[in-house]
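First comes one chain, alone, set out as structure tokens in the form predicted on its own.
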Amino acid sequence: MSGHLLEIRNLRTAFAIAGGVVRAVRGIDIFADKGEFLGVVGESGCGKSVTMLSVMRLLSENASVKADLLSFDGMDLLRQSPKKMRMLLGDKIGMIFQDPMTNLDPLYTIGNQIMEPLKLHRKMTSREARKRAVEMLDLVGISSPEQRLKQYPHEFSGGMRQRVMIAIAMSCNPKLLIADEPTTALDVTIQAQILELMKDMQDKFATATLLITHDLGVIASTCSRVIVMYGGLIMESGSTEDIFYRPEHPYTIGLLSSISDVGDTGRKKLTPIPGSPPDLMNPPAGCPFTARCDSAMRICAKARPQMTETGPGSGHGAACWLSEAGAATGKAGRG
């Protein structure tokens, strides 16, 4: 049995479409422990959201999900019935989606939507669920919660709707919270408030949080550990300090070169990564970053490198032939 709250080994998720099969996730390993704030970062289409939807079994019927291990709190998620998964979601596993307006039902009041999982999972009476809903709205910083319970999603701002999503996701005190781009399209002030709120909730309930984003700035301000994905694979993983100050994989280095530093006065030249992500209907045999990598060697196109730790027990590793050859030393800085 896994010692981690969540453990994923060799996850493969594919979608059958008219033109063939899209191999969205191609064999990845992830774990998360109780109380941990883990970031999953990468470009759009890299597989990060599909990975978490695979965990929750929320993919469309044309999806195929396979794994050597998909364990949550000692349970094999691949063996759970749809009914059992519905009972887990919203109870032991909470989810914050990136667009609250499309995930909040416009026909029901905010109060009804917070109270529903409490009645279903905690068997609360309407009075008890209402009291808890008021407490949750107050906890996420929404004023006049008793009056707000009677309102509908369109009567809330974008930032307030996201706070409502957090209140719903955290209402049953889940052991695992998955937040998929929770601050997309929010201004920077509201973004900072939402992230601070998520951290406060994590501290209060000891919830493991998986933050999915393409924004490295968000990762830097919240996460203790980071996974970098590209082309349906994990390119690098390690502590936030390792990823930002000792990156090993050329893709991670490219991502860091394309964002500005904190306090940057505009003097630093930002360097975008040239080219486009690989076609996952016909994924490359080797490293998926080969075509965009200035350091690519012939072996990179022919064989996929394995994740290699930078040092024994370091917890920092990269899937790169340069790292395996020990040639990344001196090339991982952000000059």
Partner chain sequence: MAKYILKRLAAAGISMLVLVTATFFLMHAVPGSPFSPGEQRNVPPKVLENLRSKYGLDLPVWKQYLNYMDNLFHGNLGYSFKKLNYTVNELITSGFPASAVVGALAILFALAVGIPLGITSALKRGGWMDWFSMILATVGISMPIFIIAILLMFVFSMKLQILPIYGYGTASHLVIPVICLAFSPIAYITRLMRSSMLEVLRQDYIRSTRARGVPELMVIAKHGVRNSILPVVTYIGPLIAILLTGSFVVERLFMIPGIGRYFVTAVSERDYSVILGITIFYGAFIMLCTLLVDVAYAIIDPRVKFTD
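Owing to the predicted nature of the structure, the values given are computational and were not obtained by experimental measurement. Residue numbers count along the first chain shown, from 1.
The following text describes the form predicted in complex with its partner chain, which does not appear among the structures shown.
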Proximity to its partner chain in the model of the complex, single hit among Gly159, Gly90, Gly238, Pro145 (heavy atom within 4.5 Å): Gly90
Residue (of Arg127, Lys204, His154, Arg79) lying close to its partner chain in the model of the complex, criterion heavy atoms within 4.5 Å: His154
Heavy atom contact within 4.5 Å of its partner chain in the model of the complex, the stretch among 51-59, 289-297, 271-279, 30-38: 51-59
4.5 angstroms heavy atom contact with its partner chain in the model of the complex for Thr102: yes
Partner proximity in the model of the complex: Ile168 to its partner chain, non-hydrogen atom cutoff 4.5 Å: yes
Phe72: touches its partner chain in the model of the complex, heavy atom cutoff 4.5 angstroms: no
Contact flag, Asp200 vs its partner chain in the model of the complex, heavy atom cut 4.5 Å: no
Those residues of 104-130 which, in the model of the complex, come within 4.5 Å of its partner chain by heavy atom: Leu104, Asp105, Pro106, Leu107, Tyr108, Asn112, Gln113, Glu116, Pro117, Leu120, His121
